[in-house]
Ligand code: TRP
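Take a look at this single chain in structure tokens; it is the form predicted on its own.
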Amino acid sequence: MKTRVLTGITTTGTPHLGNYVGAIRPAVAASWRDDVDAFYFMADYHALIKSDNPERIERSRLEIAATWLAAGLDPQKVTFYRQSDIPEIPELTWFLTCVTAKGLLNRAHAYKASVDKNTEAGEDPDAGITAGLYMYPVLMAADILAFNANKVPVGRDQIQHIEMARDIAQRFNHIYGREFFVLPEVVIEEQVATLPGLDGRKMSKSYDNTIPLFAGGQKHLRESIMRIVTDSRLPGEAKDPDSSSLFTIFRAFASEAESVAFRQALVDGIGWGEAKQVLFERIEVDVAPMRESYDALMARPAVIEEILQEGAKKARAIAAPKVAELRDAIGLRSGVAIAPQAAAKAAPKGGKAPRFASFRDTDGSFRFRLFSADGEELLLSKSFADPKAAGSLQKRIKELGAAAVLQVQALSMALELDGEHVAVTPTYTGEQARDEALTRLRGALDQLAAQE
């Protein structure tokens, strides 16, 4: 069974070398693992907390999507989408808001830091603090819980947010009496490389010391590298590789043999200008092919949009049934869903009701169908070698009723138990027909549960 891993990418600013080495490259590599079901999303709702510049948000979304795709992210292998294309996320955020203790949010590091800063400055504690910043942990919890992510890779500064997502999920599960949410586990990225910037401090947009990954092309990359601060040692004087930003950055791109050779060149007294040229040439080997792909994508934004829309469809196929299940659980059921349940409870014995029909397949295995009260086929089970196993599955479906997990696919649905698809619906003619069938199926499952 695959482990679902979810990674968010905030859409502010332009990607730089530090982003690539520290986040993009390792995440893309992890996405190729056969045991991982990888979800990558552009957190553009989160970006609104940090920026009120529409042009910057729009441009950053395009640049970041192109960067990840150019770096090797395969949209056929992963689920890659924009947060704002998933309407179930803000809806789930409200559901979670209504069970989240205010005291929990009061303890969030980002909010506390802003309050402390205001207090030290003699300002009102909440001066300049938006509700968006305050509610950030709940939105992040919704990002994770909408897809029942098993693991969330984060830096140490984000650990608290995953812990809060677990707390919120546990409270929701407790209030509504069932394990609706998987409790996500934090994955600490201890081995993530941190690159120094132009001034020797951590490369960060906050310090304005970054080296752009693609922006400005080859010329700008070289110019930026030539601006890296070094000491005053002259050509011929030995340099200390372990205190050199050039060596730290070089090692993040080079093989072990290349790193050993560059270290020796520094010890032997290579001039700083020559050393920077060597660093540029080594980085350019990796970056040039990606830049070519990036430029091609940026020139065709419609291609990026199509990829993201396909990713959104894949993501919504999971999030939509999850939120529909939660709406039922918290009492926001539609009249259509309630009516069959009421009818089932009121129906006299012998009245029409959903029914299972077992049969033996041509290969000798046993299967069953679920029919609605008016004879429509709703589900077809998988094959069983033992008829008792098929009967046990029917019993479990009756016990679960509408609480059974239904995975919505493009033009069909699958009933899932213990992480396995155990029954499928017919294929429908369109999304509207599929959604109408989903309502009928949930109603039939409700009736089955009422019979128990």
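Just so you know, these numbers come straight off a predicted model, no measurement behind them. All residue numbers refer to positions in the sequence shown, first residue = 1.
What comes next is about the form predicted in complex with this ligand, which does not appear here.
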- Decide yes or no: are 46, 136 and 144 jointly within 4.5 Å of this ligand in the model of the complex, with each residue judged by its heavy atoms? yes
- State the residue from 105, 154, 246, 221 whose non-hydrogen atoms include one within 4.5 Å of this ligand in the model of the complex. 154
- Considering 381, 79, 84, 158, which brings a non-hydrogen atom within 4.5 Å of this ligand in the model of the complex? 158
- Task: Would you check, heavy atoms only and a 4.5 Å threshold, whether residue 41 touches this ligand in the model of the complex?
- Result: yes
- Taking 4.5 angstroms as the cut-off for heavy atoms, does residue 140 touch this ligand in the model of the complex? yes
- With the cut-off set at 4.5 Å between non-hydrogen atoms, does residue 14 touch this ligand in the model of the complex? no
- Task: Give a yes/no on whether residue 50 approaches this ligand to within 4.5 Å in the model of the complex, heavy atoms considered.
- Result: yes
- Residues in which of 144 to 152, 213 to 221, 67 to 75, 287 to 295 have heavy atoms within 4.5 Å of this ligand in the model of the complex? 144 to 152
- Task: Pull the contact list for 247 to 277: residues with a heavy atom within 4.5 Å of this ligand in the model of the complex, in sequence order.
- Result: none
